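Encoded as structure tokens, the following chain is the form predicted on its own, with no partner shown.
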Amino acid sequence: MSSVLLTNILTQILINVICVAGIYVLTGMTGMFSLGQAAFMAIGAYVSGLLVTKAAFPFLPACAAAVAVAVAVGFVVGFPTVRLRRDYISLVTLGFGEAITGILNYFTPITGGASGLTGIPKKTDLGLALVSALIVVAAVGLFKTSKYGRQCIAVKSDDLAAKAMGVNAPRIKMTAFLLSVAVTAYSGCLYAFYTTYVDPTLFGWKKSAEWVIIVFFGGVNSLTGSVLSTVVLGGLPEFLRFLGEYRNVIYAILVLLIINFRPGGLLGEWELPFGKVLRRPDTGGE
């Protein structure tokens, strides 16, 4: 395998790690299922790409603006949605994702329609993807161990019991939803400026479902497992490319084996001690 191909695979895996970290906040910590999360990746990719190619924005401000736009859209979508039952959340986000795809196809003069958005300069490289993935995973790990993270897990375990203990469940769900949107949109920015081309077919509901499968494969209660499964499931098809179409069969069999014989996922609830590693030692005893 050439170094160029290996670099390409690693960069794509790291961008996927960022996406899956966002899905972990939503599904792993609050129990909400979104089949439209790829639409926020599309918003990040298209808004940042258009700002740079059409409005001559610098790369980083364009990414910041794209994430802000995605969070604003996420607020409009999430405000009524997080109050619904989990299965209805899936349906609403599925519809939202398909609507975004339709909008991207309809406004051809701006987005390029089905032909896609071209001419995006290459700004993302392996180093930027690696640093971004480390920062995002660390931030999500700290969020999980924070007060808000523990409230998210309480809401996921028993919504009514959490409310009885004074937890504002809609606000906690909304916080997790918007954090997930911001992370996913940023991954879209990195993706657009790595591939230099995006089109609506890249951000359909199948992409969102694939991320949910990755989270369950690694362990829905484990951020470490989600990251590990992204590396395994992201790299496996590439390293088995010599098997042709059989690599997809092996991929599917592996997923089915884990789901059937290890329902808790690859790592179950095991987690790296993000809080102990990333926080300063508490020197003030009580």
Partner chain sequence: MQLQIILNGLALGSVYALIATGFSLIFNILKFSNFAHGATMAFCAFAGYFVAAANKMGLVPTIAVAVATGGLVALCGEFVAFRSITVRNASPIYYFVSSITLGTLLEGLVTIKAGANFYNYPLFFKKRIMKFHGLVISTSDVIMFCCSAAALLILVWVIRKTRLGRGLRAVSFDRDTAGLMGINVIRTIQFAFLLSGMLAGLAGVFLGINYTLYPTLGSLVVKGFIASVIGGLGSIAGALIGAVLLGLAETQLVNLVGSTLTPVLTFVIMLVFLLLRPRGIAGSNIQEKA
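Numbering follows the first chain given and starts at 1. Since this is a predicted model, take the numbers as computed values, not measurements.
Omitted here: the form predicted together with its partner chain. The next part is about that form.
Tell me, which of Thr175, Thr145, Ser90, Ser132 has a heavy atom within 4.5 angstroms of its partner chain in the model of the complex?
Contact residue from the list: Ser90.
Identify, from the list Val71, Leu128, Ala209, Ala154, the residue with a heavy atom within 4.5 Å of its partner chain in the model of the complex.
The option sitting close enough to the partner is Ala209.
Looking at 42-50, 224-232, 56-64, 29-37, which lies within 4.5 angstroms of its partner chain in the model of the complex, counting heavy atoms?
Of the options given, it is 29-37.
Could you confirm whether Ile103 comes within 4.5 Å of its partner chain in the model of the complex, counting heavy atoms only?
Close contact exists here: in the model of the complex, Ile103 approaches its partner chain to within 4.5 Å, heavy atoms only.
How about Lys122: is it within 4.5 Å of its partner chain in the model of the complex, going by heavy atoms?
Although its partner chain is absent here, Lys122 would stay clear of it in the model of the complex, with no heavy atoms inside 4.5 Å.
Is there a non-hydrogen atom of Gly166 within 4.5 angstroms of a non-hydrogen atom of its partner chain in the model of the complex?
Contact with its partner chain, no.
So, Val136 and its partner chain: in the model of the complex, are they within 4.5 Å at any heavy atom pair?
Because no heavy atom of Val136 falls inside 4.5 Å of its partner chain in the model of the complex, the answer is no.
Along 72-100, which positions have a non-hydrogen atom within 4.5 Å of its partner chain in the model of the complex?
The stretch touches the partner through Val76, Val77, Phe79, Pro80, Thr81, Leu84, Arg85, Arg86, Asp87, Tyr88, Ser90, Leu91, Val92, Leu94, Gly95, Phe96, Glu98, Ala99.
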